[in-house]
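Coming up is one lone chain in structure tokens, specifically the form predicted on its own.
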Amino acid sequence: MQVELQLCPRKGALLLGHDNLLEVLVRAVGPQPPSDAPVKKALNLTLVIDKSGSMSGQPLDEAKRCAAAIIDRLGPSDYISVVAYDDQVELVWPAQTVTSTASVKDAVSRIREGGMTALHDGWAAGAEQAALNVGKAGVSRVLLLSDGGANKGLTDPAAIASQCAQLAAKGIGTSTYGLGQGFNEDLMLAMAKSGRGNGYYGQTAADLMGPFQQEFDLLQALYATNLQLTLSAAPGVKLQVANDLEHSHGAWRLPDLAYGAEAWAVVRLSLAKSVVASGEASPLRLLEASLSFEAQDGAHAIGPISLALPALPVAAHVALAEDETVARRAQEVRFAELQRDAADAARKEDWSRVDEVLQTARTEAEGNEWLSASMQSLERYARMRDRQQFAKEASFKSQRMMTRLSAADEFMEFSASFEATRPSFLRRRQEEGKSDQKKD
């Protein structure tokens, strides 16, 4: 079994004698799961639960419900540890294999709210527990359940995210689950991105059940990790990776890859018309790609593979059909970029800029039913001038679109499941707004 690396252009030719902007979909496609053995990998998880004063009441209750749901899914080959924190760190359950889910859940149920919020200390203690068994399981991850507040110890988001990245490089990822309407999305999403995990948010445990299910399915079916994509443009070709991916030492890091799934990136190639002055006789070399990754049987490398295309006159180029998958992914990434820009503008309360970006996004979403539907919630918060909720929704959707791991033909399924698992408190706010409009 092996990963397949593909370079798929949006159009199969360049436009002769003109400036060109070509979008290319780079795909790393995982093998199908083996039929003779179960795919499930042993998990090494640490639950880090925020019990600070800001989590008192429903948020802490929901965090404990989430933790119990996770614990229920673990088996005797999995490792679990639980850490709780306020201004002090409490080791609720030391790292060990799961011999009794009831005992672990009972320990979690006894967690009580406290004082200030030493988020970094709590996360670091969780990382230490996960490190004890990092070589004994297929996947290691710290799951942080918090409102993202940090007011004691290290609080700088960039510094905390940097440590998440360092831990991920050692094989321990970080996923964050933001609870409560006022959670700090900047810190929590930055930790998830740098920690090579996933970032979610919701008001209740029910809001997070779908994301938990997706996370477990992914962790238990992982085939390849540490995917490093190297790209090299030919002379005269400018290259831009549109996805918001970690870039270091000349390579972009793709999301971890599950069996039967794909990780992908949209690459934009720019060529001046002088470079495309010829090409009908022989294709122009545009791009080379290589991929390295780690699987259970060791390190692997693929490539380089290359992309070369002919240049066609206007009439022939216009008649050439676009690749629908590439066009759809490019549209998705562009939409994510606009959402990120709108979120930044909302945080600054620059509503004129928000309205301008949304107008552009509305145009970009034409012809895509789900993206158009997604616009409705953003426009609603924009009309309400709800800075906090607009920024949360836009930031969350943008990051998920930019970095998600996807199955080969999943786009509409992903879209439907995303809307179905959107935090219920956001749905409630929309329904409340509709009721207010009726009253008016």
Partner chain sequence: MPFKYDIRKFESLHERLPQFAEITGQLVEALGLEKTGGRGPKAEPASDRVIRDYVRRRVLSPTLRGSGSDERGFYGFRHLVEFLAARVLLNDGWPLDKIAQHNIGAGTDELLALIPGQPEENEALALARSFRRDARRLDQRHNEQGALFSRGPADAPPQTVAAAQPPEFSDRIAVAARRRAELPMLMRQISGDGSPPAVRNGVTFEFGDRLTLIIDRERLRNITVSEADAIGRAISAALIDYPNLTRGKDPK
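Numbering follows the first chain given and starts at 1. From a predicted model like this one, the values you see are computed outputs, not experimental measurements.
The protein also exists as the form predicted together with its partner chain; that form is not presented, and the subsequent description refers to it.
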Legend entry - Contacting member of E294, E128, E288, D355, with respect to its partner chain in the predicted complex [4.5 Å, heavy atom]: E128
Inset, instruction - Report the residue, out of A265, V89, A365, I111, that has at least one non-hydrogen atom within 4.5 angstroms of its partner chain in the predicted complex. - result: V89
Inset, instruction - Heavy atoms, 4.5 Å, its partner chain in the predicted complex: which of 266-274, 169-177, 250-258, 218-226 makes the cut? Say which one. - result: 169-177
Legend entry - Close approach of K193 to its partner chain in the predicted complex, 4.5 Å, heavy atom: no
Inset, instruction - May I ask you to check whether G153 falls inside a 4.5 Å heavy atom distance of its partner chain in the predicted complex? - result: yes
Legend entry - Any non-hydrogen atom of V98 within 4.5 angstroms of its partner chain in the predicted complex: no
Inset, instruction - Give a yes or no for L245: in the predicted complex, does one of its heavy atoms lie within 4.5 Å of a heavy atom belonging to its partner chain? - result: no
Legend entry - Stretch 96-110 - residues with a heavy atom within 4.5 Å of its partner chain in the predicted complex: none
